[in-house]
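In the form predicted on its own, a lone chain appears below as structure tokens.
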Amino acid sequence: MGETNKYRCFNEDYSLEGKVALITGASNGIGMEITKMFARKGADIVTFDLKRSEEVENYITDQGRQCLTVEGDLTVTQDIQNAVDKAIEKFGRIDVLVNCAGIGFLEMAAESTEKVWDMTMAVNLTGSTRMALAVGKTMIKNGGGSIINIASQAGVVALERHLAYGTAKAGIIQMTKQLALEWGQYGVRINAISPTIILTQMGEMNWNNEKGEAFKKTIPSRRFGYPEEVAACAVYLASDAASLFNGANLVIDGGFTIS
């Protein structure tokens, strides 16, 4: 196929048919919605999380897609390699990685603790980077792929009580750029998504209150986001329609960071 057809004749429905996606943090929240939407779009899924989710597994198979569940800890290098090895053993390749697993403990800078800092860095930055490196190396061997890192608006602007979380997410954005620079020549695209507050079950519990109403007034769109909106963004970045996206950070925050 010539270059013109390869890059211009993509599926305009953003189909992921025939792709294999490894998704971390797939058992709940944003990761679960990404997993479900990927399955609806035709991808076979490798889920990686601390605990398996029968709900997610059943949903994937109900869509007629294959599901491989790997339980593991993103802070354990051997668990990361085990997930990659099992995915390659079953499917022969990984076309898409979504780095969604993360934790979010918030505290004022003057009261920051080593425990929160170390845990946040271990999961959100180090673990995600090691997963990207492990998967990316297989993508280079197999001719390309798409890595999608879930960052945050807290990695773009400073937010109160976000010292560890914001620093880790800023690191994710920079890691995205570094890998994009080095691996673009091999057909591996690395991009990030930086959402505002997303109304997952936990988000609803934390932000459906006066604090949330006050925060929404600082957002030009005057609302928070929904996990399906992040999933739709991830579907686009995983699809062949986004073949020229490399090193981008898609900020979906209703305009919060524009000023």
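Here the structure is a predicted model, which is why all the values come from computation and not from measurement. Numbers follow the displayed sequence, beginning with 1.
The same protein also has a form predicted in complex with a small molecule, omitted here; what follows describes it.
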Distance check, Asp73 to the small molecule in the predicted bound form, heavy atom within 4.5 Å: yes
Do Thr61 and the small molecule come within 4.5 Å of each other in the predicted bound form, heavy atoms counted? no
Tell me, yes or no, whether Asn208 is in contact with the small molecule in the predicted bound form, where a contact means a heavy atom of each within 4.5 Å. no
Is Ile198 close to the small molecule in the predicted bound form, meaning a heavy atom pair under 4.5 Å apart or at it? yes
Sort through 110 to 118, 180 to 188, 87 to 95, 164 to 172 and report the only stretch with a non-hydrogen atom within 4.5 Å of the small molecule in the predicted bound form. 164 to 172
Among Val56, Ile30, Ala39, Ala192, just one has a heavy atom within 4.5 Å of the small molecule in the predicted bound form, namely Ile30
Interface residue in the predicted bound form among Ala134, Ile103, Ile140, Val157, criterion: non-hydrogen atom within 4.5 angstroms of the small molecule: Ile103
What I'd like checked is whether Gly145, Leu237 and Leu244 together line the small molecule in the predicted bound form, meaning each has a non-hydrogen atom within 4.5 Å of it. no
